[in-house]
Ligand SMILES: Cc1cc2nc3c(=O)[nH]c(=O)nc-3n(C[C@H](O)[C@H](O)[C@H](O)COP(=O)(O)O)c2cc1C
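As a starting point, one isolated chain is supplied in structure tokens, in the form predicted on its own.
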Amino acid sequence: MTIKIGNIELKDNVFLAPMSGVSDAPFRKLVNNYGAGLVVSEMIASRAMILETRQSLAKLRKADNQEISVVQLAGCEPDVMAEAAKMNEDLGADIIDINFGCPVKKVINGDAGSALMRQVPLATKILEATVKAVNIPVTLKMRMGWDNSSLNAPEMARIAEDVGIQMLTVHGRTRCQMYKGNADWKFIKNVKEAVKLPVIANGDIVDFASAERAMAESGADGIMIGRGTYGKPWFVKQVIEHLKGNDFAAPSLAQQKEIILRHYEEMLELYGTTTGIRMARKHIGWYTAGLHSSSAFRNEFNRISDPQMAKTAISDFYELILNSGEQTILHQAA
């Protein structure tokens, strides 16, 4: 299914979600290597963007192979959001995505993220100001509402469409659910029926069956995958091909070893040795989950602080499995 965001036509309708501490430039590059309709940056605080903090600029970094740059901004001040959006446009962003979905306390305590689902007048001003500030498309990612007594995503969708938002992504939970319970893909259909914009379903898409159900139950134009890509940067491509009736195999264990080593190197390059090693640990944990003796390996790996020793440990771990013929789980989508 073809999706257009303003004058940008996307090749596929399965996207990589913005994930703080995960969807940085190295990870987006990996996902793009396999193929994705769209990849979105980590959430960037609009005020931090204006102040040009080192952390916010690192999140902004475009992946080498990223044709369409989507920058997600969060904030609660319309003028600041507008200024940050304009800055990103000037720096080469192709699409600005506004975050009304993040449920974490440090974001909503600042009246940003999903807190804006219960502050419709302020949310409207933010949408209006951001759209007016730039000449590139602006999209919105949101939740169903604040809680089960205020499921106002369809209302927010109509407001967003009226002020010029070009695409909507809906996570099928309320803010108060956080990540508990199950995503309600059927509710997303209410948003799809409320607007003429492309609508993307998000939440709990972790295998082929959930991808199919999310599309069918939501009636959405596409899906956005987040946690389902942990340790599987090829998963978005697998889902794209599966929905087309094709197969796309996960990389072999030998190929996964090379993928991880490249990923590790690029994280060190982006963040520097100390931060890069620390941030890479979660990725190593996801990549190795299910492999023989992976728990013992991770315990040892997480104590390593020397980058060369870390790379050697990764290589040795995979070579030991490859040479031993032990039963492994190769992260195939189910």
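For every residue, the number given is its place in the sequence shown, counted from 1. Just so you know, these numbers come straight off a predicted model, no measurement behind them.
Missing here is the form predicted in complex with this ligand; even so, the following discussion is about that form.
Residue contact check for residue 262: none of its heavy atoms lie within 4.5 Å of this ligand in the predicted complex. Mapping the unseen interface onto this chain, residue 238 falls outside it, with no heavy atom inside 4.5 Å of this ligand in the predicted complex. Although the partner is absent here, residue 203 is a contact residue: one of its heavy atoms lies within 4.5 angstroms of this ligand in the predicted complex. At a distance threshold of 4.5 angstroms between non-hydrogen atoms, residue 266 is out of contact with this ligand in the predicted complex. Only one of 218-226, 191-199, 251-259, 151-159 places residue heavy atoms within 4.5 angstroms of this ligand in the predicted complex, namely 218-226. Using a 4.5 Å cut-off on any heavy atom, the one residue of 118-141 that reaches this ligand in the predicted complex is 141.
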